[in-house]
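Quick heads-up: it's one chain on its own, the form predicted alone, in structure tokens.
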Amino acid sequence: MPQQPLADIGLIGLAVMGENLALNIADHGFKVAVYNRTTDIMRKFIARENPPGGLVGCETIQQLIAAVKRPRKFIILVKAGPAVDAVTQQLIEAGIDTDDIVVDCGNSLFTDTIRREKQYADECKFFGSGVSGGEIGARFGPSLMPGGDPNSWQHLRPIWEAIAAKVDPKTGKPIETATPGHPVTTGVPCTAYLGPNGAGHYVKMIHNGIEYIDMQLIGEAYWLMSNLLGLKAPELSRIFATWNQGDLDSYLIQITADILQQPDPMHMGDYLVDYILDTAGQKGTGKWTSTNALDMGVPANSITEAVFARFLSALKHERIDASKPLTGPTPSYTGNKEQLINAVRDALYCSKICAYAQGFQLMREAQKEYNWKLDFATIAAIWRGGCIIRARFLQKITDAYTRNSDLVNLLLDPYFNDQIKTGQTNWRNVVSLAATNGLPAPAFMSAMAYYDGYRSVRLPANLLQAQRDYFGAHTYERTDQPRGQFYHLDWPEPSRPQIAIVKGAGGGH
């Protein structure tokens, strides 16, 4: 007799994220059929785990398909890129139907998701969903960013809303009390349908770009206080823990406080952070955000600066060699300690506002480019819990876009405008101190450059346009004429020194 379908959903890929997401789904009472290319990994996982919803182990793709109820739903959690296409082709060749839903929950580039939805349209419903929160989030409640066919979403929605992180409906704060077998079942789920084709993976990409700049800003705050005040890890930990009680309350600030108080296991009395090599890795999603900003002409300079900061950190050997001939000031600060700590806090918050303004400005432009209708209040709301950038601050962004869904830039919202006005003197003082003491603070500096550029009625681009017209006849617009009218001047030849031309000399310009 044919196997009777038992599972509500199938999952392919039992690495850390796959295992934890499968257990999360099962904890909420859904039966999950699981498959891994290496069968032994699947067998060990099934033998080790037995959640209430139950797991169905499958040794072949055919068994997986047979185990899932129609319309079949399959989560793919494999490495982004060719592996996603390979697994999708396996499912198609094994006999899935056109109404079956294949959900890519990996960190795929959104343009790949757009392409896959079209490419596989005659064989299945291809769907993209960003997942943020790491392995703990996957296990107990991630932020989920789904995008694709709206009819497919209706089939996925009960599972996605069940397994997503939850926030308190009154405060917007995450509800974090889940334990294995005892999931959170109350609160507002941190997931919502975001739009067609690649919208979900696009929003996840922006999340990751913001994550890059958030981390860089925190790192610069740590570095400035370390070098200007000579503070050690335990005291820095207490400062970040204090900040976490106020407007800067966030997962990244919380874990920073935890990291800074972690003793080093190899050096008694010392702290681990002081022995970690200062070279940062990356998986490329921040670079995707920067590339997309460049492609669309959106000034996401702080996000891009955070990516470059990681590139610079990777040049460890070059930096060691360069530190010998390249000189700069020795950091020195003789002012009030508490005043500087408060100033760094304000600089961090003001820079954070600018960084998020850039991320949302990028999404605003993308919806025009890709024919989406993104709900920015909803996006901020689903980032309040589960994801890496979850923070109290995101409730303020939700409120801003709820008040005005057509808000052009977060900086123009009354709350954020007021915060910048309140904190910008301290922000400017911190940036000045970083520059005069030779301490790199590219994220603080680029955020301020963005703010000052965005608020400027005039910028030096008038001279730039004159230069472009001079050497390339690229035209310019005039301040005393309507926009859209372009002019070109036949510029006079510059005075040039007389030079001897040697006939027959080698080429080159």
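What you are looking at is a predicted structure, and each value in this text was computed from that prediction instead of being measured. Numbers follow the displayed sequence, beginning with 1.
This protein has a second form, the form predicted in complex with a small molecule, left out of what is shown; the following refers to that one.
Mapping the unseen interface onto this chain, Glu211 counts among the residues with a heavy atom inside 4.5 Å of the small molecule in the model of the complex. Taking non-hydrogen atoms only, Ile388 approaches the small molecule to within 4.5 angstroms in the model of the complex.
Residue contact with the small molecule in the model of the complex: Arg310 places a heavy atom within 4.5 Å of it. Remark: Lys204 counts among the residues lining the small molecule in the model of the complex, judged by a heavy atom distance of 4.5 Å or less. Residue Thr285 is the only one of Thr285, Thr304, Ser250, Ser237 with a heavy atom lying within 4.5 Å of the small molecule in the model of the complex. This chain lacks the partner; the member of Ser132, Ser108, Asn292, Thr88 within 4.5 angstroms of the small molecule in the model of the complex by a non-hydrogen atom is Ser132.
The partner is not drawn, yet in the model of the complex one stretch among 132-140, 417-425, 320-328, 73-81 has residues with heavy atoms inside 4.5 Å of the small molecule: 132-140.
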